[in-house]
Structure formats: C-alpha cells, structure tokens
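So this first bit is one chain, no partners, the form predicted on its own, shown in structure tokens.
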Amino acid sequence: MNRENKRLKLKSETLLTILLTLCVNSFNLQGQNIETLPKPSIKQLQWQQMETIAFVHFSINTFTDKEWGYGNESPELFNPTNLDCRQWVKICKDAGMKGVILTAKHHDGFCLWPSKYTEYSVKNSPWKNGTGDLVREFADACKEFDMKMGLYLSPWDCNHPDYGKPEYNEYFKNQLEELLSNYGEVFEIWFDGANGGRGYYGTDKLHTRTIDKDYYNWSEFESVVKALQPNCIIHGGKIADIRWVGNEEGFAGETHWSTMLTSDKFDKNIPVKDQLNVGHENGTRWFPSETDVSIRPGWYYHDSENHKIKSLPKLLDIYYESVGRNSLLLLNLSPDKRGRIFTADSLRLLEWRKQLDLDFNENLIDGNASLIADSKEIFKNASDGNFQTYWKGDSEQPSFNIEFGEEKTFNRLLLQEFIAEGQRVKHFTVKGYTDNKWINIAQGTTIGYKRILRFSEVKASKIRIIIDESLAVPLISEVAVYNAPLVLSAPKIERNQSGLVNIISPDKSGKIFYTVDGSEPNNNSIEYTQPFLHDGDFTIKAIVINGDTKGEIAEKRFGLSKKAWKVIGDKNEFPKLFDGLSKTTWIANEQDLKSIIIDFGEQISISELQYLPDQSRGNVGIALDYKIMISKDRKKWKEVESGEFSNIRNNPIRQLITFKKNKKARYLKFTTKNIADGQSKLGIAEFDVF
C-alpha cells in the first residue's frame, strides 16, 4: 500500500471512530448521569487498543555497564560493532507488539541522533565515523515493519551545563522539535520523572543543580508536541495523557480504574504510587496507565544478567497483571554492545508470544453456545470480536448466561467494557453450572478496557456473570472463555536461619525434584516431600514436573550459615533479616537509623554480599547508596566498598556487592546516607554473605 493510500485509510478509520463515538453519545442510558463519567479521547482509545508495546534502552550506558550515567562518559565509548535496528523491531513485531519506544536521550544527556544543539551525541563517537543517526535507522526499521514509533527524551540531563537554569528549557524544546520534526509519525513521547541532583559536577551548592517542582516549561513542551505530532500520546510531566502504573515490576492493581483525580485531590494518607496503581473510582479525568517493566533485572544490557532473563511464567504473569487488568504493557528490551538483542532475550520473547497465542487459541463461546441476558438487547454484540459493538444491560446490576450446550473445561474468562463511554463496572461475580448446581468460580472488581481472570480448571455447562455494582449501566463489548494450557512456574526455594530448606510449587500441582550439587534436576533426582536441613555455601536447583509437563528450573545460591548471626542492638533471637523470607523485612528500631551492624559470631572470610530491599508494596527503608565497613573487634573499622544502587527505588531487586578481594571479619557495618522517599529508617528484607 503506498503512502497516500495509507493516509486515506488512516483518515477513514479515524472518521469511523468519531462517528461511532458520536452515535454512542446520543444514547439515553440509565443510571448515573453519564455526562459526569470521564471518557477517553480518540488517541487515548487507540493507544489502549495497542495492548502491548516495547521499550528499547540502548545508549552509552550499554558500554559503561551502568544503569544511570553521570554525563561525563566520553562519546568515544559509544561504538556498537553490529548495530541492527531492524532486528530489534522485527523481534518486537514477531512477539505481537504494536509499537516500539527508543531511548533517544537518557539522563546522562548522550543523544542517539546528531543533534545540532550539543556535541554530546553520536556525531562525536567512532560509530560510523561520526556520521551515524541511530534514531533515523530506528525510524526506518519501524516503517519497514509497519510498527508505530515512540521516542524517550529525558528532561534530566547530567551533561548539559545549563541544566537547572532557564536556558536549559529552550535547549530541551529545541531537541524535542528535532525529534518530532525529522523522523516521521511518533505515537508516544516519553518524558521520564527522574530529575535533578546527580552528575559528575560534584555535590557543592553550585553544582548539585537541583530543580524546583515548576522548573520545566511544560506548557511550551506541550505546544511543541501538539503542533508537530497532534496524535502523539504524552507520558510524563504535567501534560501527560497517560500515567505511570506506580512500579517497574510489571503489575497493575487488581482494582484498576482508568480515571484519576487531579494531583491536588490525591489522598495524602496513601502513597502516590499506590494511588497510581489503583486509580480513582471518582476520578474526574481519563488517565489510563502504562505498565513499564524490563525483561531483565535492569533496563540496560549487562553481561552479568544474561542468566536473569524473566522466565516464561513470570512474563505470563506480567501480561495477565497488566493487559489483563486494564493497563497497557510496555516491555523493555536491552540491546548488547554489538547493538543487537541478545539471543536468549529474543527467544524468551517469542516463546512468550507463542504461549499467549495458545492461551487464547480457541474461544469456547462458539456457534453452538447460547448467550442469554436479562436485557432484551441482542447479546451477540458481546461475542462478535468487534470492540465497537456491545451489549447494554437493562440496569446497573444486570447478569447474563453463557450456555455451552455441553460440559466444557475452562480456566480463563475475558471481559471488556466499551470504554468509549467510560469505565463503569465496580464488581462482578462469576458462577458455573456443574452437577446440577451453581458454584462460585471467581469474582473481580473493575473491568475497563480488558480484564482477564485466571483460575483453576472448571468443568461446567453454563457460566453466569453477575454485575454486582457499577457506576452506570454496563456496556460489555466482549466476553470470551478459554482453556489455557498448563504452564508450570519455577518452584520457590527458601532456607531459614537454622538451615531448614523449604521448596514450594506456586501452582500447587505436580511433583518437585531437586539437587544440591549444582546439577540439573529431573524426575530421577531427589523428590521433595518435606523441609530438610542443609547448611553451608551451596546451590539448590529444583523443578516441578506434572506428567509430561515440566516447569522451569529454579536456582538459589545460599551463603554462609546464619545460625550464630546477630544484629547488634536487636533483641530478637532470629531477626527477620536472617529468616530467609523475602516477604518479611527487618526495620531499624530507632528514628534516623541508617546503618546496621551484624555480628557473625566468629571471624569469617567474605567475598561478596547481597542486599534485598523491602519487597512490600510500601517499600520501607530502601537504601539508595551504601558504605561497607568491617571489623574484627568493633573497635577498629575499615571501609571496603561504597557506591550507589542505580534505579533501586523503582526496581527494588536483589543487589550484589562484590569485594575486590576476600576480606576477613567478625563484624560488618552496612550504612546508607540516603533512604528512598525521604524515610528515616533503614529496611532490609534479606542480607546474605558469600
């Protein structure tokens, strides 16, 4: 299809959407005054229907093994040996993604295009002798594979000398104009929320370069976007069309509203990120969420993370807990120093798409099924695969039945609301008819654009869906029932302070087999039947097997025994710090306590340690930086390591601190200067020494 025909097709599709929306707006619906319900704009609606898109983090950080650069890294370090944006985009296309967002400029300020406003860009790198334009190659690849293109432009710039001054706003606007003028249509522009304070300039008052909350000229930035890319979705800043989901772990709240109050109306007793994760039932604006998460622990490529790619069950969880909870999934890929997606990452992504296709391969509501509703409306509109058609209930608490005509086995239920007229459903119940009686299968709260419930296999001849509560008469655009194949999750391996090992199957199905010598487990290995004692520095590998179905192998390394370990000043015999459970957290018992001293009970040799921050939704006491000191007698202390944890606030994963050489000590002091969110007490879920 040539460019002109594509343009005409896009215009006709947009006109059709407008006409359908106008027609729906003319309906006289019952219930709450529908004029008070926030509704999506056309571009917000089209954006939500993309469902899954990709992030690509690639920049000078890739070559320095950092997550956040300082802005003083030489452009000469940027030199991919086999860059191929086509490979990135094709993998995303094959994985079912609808668009890709590239980090054109991250916090360090290095630009992947030859910006005429700075020398800190690819034009001063060895790559293509300074003649390359990575954004251009990326844009061309998106066009070739008919993928929507998005760009990330960090407002924070550690390199630019005017950052923190009024002049920087003009610089940022100029770069925004460059990106939105020269590379074709942009479906989303991403402004990150991390800002100010850090860089290679130092920490004195002159060079800390902190900014006030109104530093950026967001109204001018918005004018640029609207003038150059009127159909572009904006993420971030005070001009956003969409919101961050409140975490970088890949989940939206089980209750998830696409509506929000203005920021001045937020509940001051609830953390902002928790409100972003759930939304506001009484929200006054349509502000849908985007769930950003990386396929690896970090956002940029690191050799050390090649074995830490998220498992297939974990990626499935992320899909069901984002797209399946009324959010849009933004899944990050990290090209390596060659400029290519690592093989294991791409294979995992394609495996994920293949499994999702299997999960939703056959809708059991077929031509033989009957759909019966309390309303006299024609219910077939809710099962025709067309989002623009819908079934309208006859009240705010309607119900409907799906009758298969015979007993069917299923474990998934998909529901969609016609959100062009707002989000309405607050709570619903699902029942199944089996053995001549109705049984409860599941229940849920919000639906929104899409809600997918997962539950254990059920055999039933009928399903009844009851809308228990809604803001206005529900409009259901789609109902589907599936029986997804069994995918076994990797087991969870835990060891308490006494050395008792516990292995748990999250799926509560199949048998668990394990090894303690590092070998790969199979059905001939030791079968786990009950917790067992095992001490020392060793690695357990375990797998769940159910018939011919095998799960992924779980692997957990355990460090030195914690039997004799104590926290100086803590009266608990077995503090939560050493209980082996990531879900429990040790919290300092004094205000402003930002350090901890551990007594190992005897002198031991240490080569590395692991710090796991609090894993609860509250994320209590997360250390942003660290200093490690050791002692043999608690009188003389020696500093052995110090540094900071990049991006740990938004991605609170296990942190590994490796010593330059082995150290002997009886006492270890862990200190932080800065705790996330301005909190005063240090919190640690787990602390391990190897």
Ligand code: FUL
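The first residue of the sequence shown is number 1, and the count goes up from there. Predicted model, so just to flag it, every value in this text is computed and none were measured.
The form predicted together with beta-L-fucopyranose exists for this protein as well; it is not shown, and the discussion that follows is about that form.
- Figure note: of the listed segments 143-151, 465-473, 252-260, 101-109, the one touching beta-L-fucopyranose in the model of the complex, with heavy atoms no more than 4.5 Å away, is 101-109.
- Only one of 553, 612, 224, 194 lies close to beta-L-fucopyranose in the model of the complex, with a heavy atom inside 4.5 Å, and it is 194.
- Note on the partner interface in the model of the complex: the residue among 248, 608, 317, 599 having a heavy atom within 4.5 angstroms of beta-L-fucopyranose is 248.
- Contact check for residue 138: every heavy atom lies farther than 4.5 Å from beta-L-fucopyranose in the model of the complex.
- The closest non-hydrogen atom of residue 168 lies beyond 4.5 Å of beta-L-fucopyranose in the model of the complex.
- At the 4.5 Å threshold, heavy atoms of residue 55 reach beta-L-fucopyranose in the model of the complex.
- Proximity of residue 68 to beta-L-fucopyranose in the model of the complex falls within the 4.5 Å heavy atom cutoff.
- Residues of 637-658 placing a heavy atom within 4.5 Å of beta-L-fucopyranose in the model of the complex, in sequence order: 647, 650.
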